[in-house]
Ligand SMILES: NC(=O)c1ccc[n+]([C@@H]2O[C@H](COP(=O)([O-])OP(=O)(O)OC[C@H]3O[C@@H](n4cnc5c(N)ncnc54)[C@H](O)[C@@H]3O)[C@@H](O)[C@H]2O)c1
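Just the one chain here, the form predicted on its own, laid out as structure tokens.
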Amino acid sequence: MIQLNYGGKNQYGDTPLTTEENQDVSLFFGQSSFATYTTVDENNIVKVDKDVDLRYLGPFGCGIMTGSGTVLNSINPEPGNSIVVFGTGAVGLSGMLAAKIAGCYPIIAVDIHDSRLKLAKELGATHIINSKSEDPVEKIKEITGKGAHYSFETTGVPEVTLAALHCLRVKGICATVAVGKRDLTFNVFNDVVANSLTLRGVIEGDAVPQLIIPKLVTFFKNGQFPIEKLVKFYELEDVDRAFADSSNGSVIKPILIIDKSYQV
């Protein structure tokens, strides 16, 4: 997966993309970026309903699949299990929506942006915690009693990962999908062994795209996965503003629209 997505070449060791001067172009993430057309392997194609607005579906192949798949596939909670989502970006909120579909309770969202926490509450979080003003571990144990059954960590911040472990009950499971910039140091016995905890790494939601994406599209059509509340459309020339809005927390998932004439 790492080689194919980040190595810049396909499984045959080359790239089908070139410049007009016949120079190779890196096949980043199997597709390259900001391209009007691209070359893909037929095994990577996912068929979806023709009546769905394709402008919303790009993120289904990455962040939305990662978040929802982590909950539905990797964690696979029982109805009534408690879950805490650390980080309410596109990945975290997708996991939270999946937790709601799975019947989890309580569903606790933790973030540092009040605007994102407000949206999380609107989308189905039963409790919200701003970790800048409250100790999330203490608050989660107050809400759940013995600690949460599951936590889903999306930030990659070492202190947050530790909180995602410390908030669990005995035999709880922390799933993380994060790409962190700093190393995490923890005591294996005190932080994991003493309470028989599991720290599980998850790639792309442990999902088969051809199986999970049609299911998510059905949820989207049924109103169970209101992705339209997470996204904002930008024209390509506004890419810098899209990055800025994502960075400051005012937009959950920016989507660049290249084909302005597209209609369902």
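The model shown is predicted, which means the values in this text are computed figures rather than measured ones. One-based numbering along the sequence shown.
What follows is about the form predicted in complex with the ligand, which we do not show.
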Although the ligand is absent from this view, report whether residue 110 comes within 4.5 Å of it in the predicted bound form, heavy atoms only. yes
In the predicted bound form, does residue 88 come within 4.5 Å of the ligand, counting heavy atoms only? yes
Test of understanding: in the predicted bound form, would residue 188 fall inside 4.5 Å of the ligand by heavy atoms? no
Do residue 116 and the ligand share at least one heavy atom pair within 4.5 Å in the predicted bound form? yes
Interface check vs the ligand in the predicted bound form: of 239, 52, 62, 40, the one with a heavy atom inside 4.5 Å is 62
One residue of 167, 98, 160, 75 in contact with the ligand, assessed in the predicted bound form (non-hydrogen atom, 4.5 angstroms): 160
Picking from 139-147, 188-196, 76-84, 175-183, which part of the chain touches the ligand in the predicted bound form when contact means heavy atoms within 4.5 Å? 175-183
For a quick check, can you give me the residues of 126-160 that have a heavy atom within 4.5 Å of the ligand in the predicted bound form? 131, 154, 155, 157, 160
